[in-house]
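Only one chain is given next, in structure tokens, and it is the form predicted on its own.
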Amino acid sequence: MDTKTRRAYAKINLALDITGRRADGYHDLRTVMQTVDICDTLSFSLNASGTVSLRTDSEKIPSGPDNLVVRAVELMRRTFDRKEGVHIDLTKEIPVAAGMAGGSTDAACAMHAMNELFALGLSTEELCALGKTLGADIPYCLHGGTYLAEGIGEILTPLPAPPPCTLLVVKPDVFVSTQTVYRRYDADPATDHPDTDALIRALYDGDLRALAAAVGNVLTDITAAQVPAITELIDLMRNYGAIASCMSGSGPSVFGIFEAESDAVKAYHVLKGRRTFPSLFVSRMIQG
């Protein structure tokens, strides 16, 4: 029985801006996405069952046909007329519904694994063409690393990796509806937008301080109105030495960028002592 085990890495948004709303209801974005070393682990095994099954250690995600990993595997089987059954074991580390692309990165991981197990020889761009039918973040997750994403997230431009630093990533133990966040944004659009161009220049210059000054998310105030812990976390991280702190995606996860790992660790222990943030990570930015 052929088996493949892979890691699926989370992302954060160093900058997230909304540039318009499309006729189909989707939003045009301009966002700089960055892979971080927080990851899920997935194992894929081929078998003779002719069906796709998934087992996970998380009670917060479905294990049936609605799971995005199952849908990604089914898409690969259907597109390439494969009859083998596939069993998936998914160990979750990335917080669920966190604005960190946990479902999308797991699905991208599944597509890479099926490409290998089925010996299809597809390029990453060919996988992206398929993956975008499942979700706008999947093409980015198939690449990983540092990218400017535009359109609904599927138009990707590679960027230089950020300078070395340490992250503290925290997800408040609440659920936030992405659709609700965007609907509230449409009702009251922001007038203050992140300077994405400045952030991109900082990446090319390798200037961590300039990057930190440009970090921003146009959705932060919308989600923070529902989840006051977001503002509290941003302030706490800055008080403990973060040179930038920001929400990722539509939230509610918050990350801080620290020049000194010791400062990130201090903030980590302060938050851990409060016992109200079960999803808490000292992390680093990595390339895909």
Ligand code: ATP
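The numbering used is simple: start at 1 and walk along the sequence shown. Since this is a predicted model, take the numbers as computed values, not measurements.
If you look for the form predicted in complex with the ligand, you will not find it shown, but the lines that follow are about it.
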Q34: touches the ligand in the predicted bound form, heavy atom cutoff 4.5 angstroms: no
Proximity of N67 to the ligand in the predicted bound form, heavy atoms at 4.5 Å: yes
Any non-hydrogen atom of M100 within 4.5 angstroms of the ligand in the predicted bound form: yes
Residue contact check: K92 to the ligand in the predicted bound form, 4.5 Å heavy atom: yes
Which of 208-216, 101-109, 120-128, 186-194 sits within 4.5 Å of the ligand in the predicted bound form, heavy atom basis: 101-109
Whether K11, I61 and V96 all lie within 4.5 angstroms of the ligand in the predicted bound form by heavy atom: yes
Heavy atom within 4.5 Å of the ligand in the predicted bound form - qualifying residues of 252-269: none
